[in-house]
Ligand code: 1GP
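We begin with a single chain expressed as structure tokens, specifically the form predicted alone.
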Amino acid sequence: MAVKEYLLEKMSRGTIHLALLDPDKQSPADAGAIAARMKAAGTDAIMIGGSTGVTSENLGATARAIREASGLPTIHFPGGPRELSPEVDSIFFMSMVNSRDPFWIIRAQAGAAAYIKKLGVETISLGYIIVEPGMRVGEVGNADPVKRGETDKAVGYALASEMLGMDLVYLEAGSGADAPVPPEMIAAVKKAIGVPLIVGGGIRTPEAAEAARKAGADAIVTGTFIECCSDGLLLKSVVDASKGA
């Protein structure tokens, strides 16, 4: 089953949880161990990526380790066009739609498209919307972050992404954000669009995960939290809250 089909089938039955691992923050072996722990906690797939420090080599090695340790689908969450690998199962082929720099909106994608096709990696198109504070990904992508009170602006970017043919929309507060995307914004965007909505950044507690799920998120992403937390029960509580289990 293709990863896109797998995700859509899972989301048709309720909110899913995606774990995000940065190859620059741990060894492939450690990433594999975390992936196995997250599979036991109930996560549905593993995203692999980071804003800086990711290479084709550490991306590929991390994807192999995750596959061997967990068997979960891997989704490359790219930070740029030079970090590609045939070892991943799929790639979020995404546009940072509120970047000030055309490179992150379409030029990077155009530069990488032919090579991705040659690799034969499944692509899943995604409209990527940076929400305040945005953190490192907002800085690297030269984003014009949607302010936390600018719900109408978030809705506009999300609708434009859908109308441009994106498979998914992603509201991103940024890894390590001190607050997640506001539930009111999640709810408004979900009401406006007909494609699945992913929400990530700043989700570190069951309460935050539950709030995002109840607001309408189809997929909830946690990254920094799972890389730092070795408490299996706490990890499971966040995954369970994400999925309403």
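Sequential numbering from 1, following the sequence displayed. Quick caveat: nothing in here was measured; it's all calculated off a predicted structure.
The protein also exists as the form predicted in complex with this ligand; that form is not presented, and the subsequent description refers to it.
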item	value
Partner-proximal stretch of 149 to 157, 169 to 177, 68 to 76, 102 to 110 relative to this ligand in the predicted complex, 4.5 angstroms, heavy atom	169 to 177
4.5 Å heavy atom contact, residue 235 to this ligand in the predicted complex	no
Residue 217: touches this ligand in the predicted complex, heavy atom cutoff 4.5 angstroms	no
Residue 221: touches this ligand in the predicted complex, heavy atom cutoff 4.5 angstroms	yes
Partner contact for residue 202 in the predicted complex: this ligand, 4.5 angstroms, heavy atom	yes
Residues in 127 to 149 close to this ligand in the predicted complex, defined by a heavy atom within 4.5 Å, in order	128
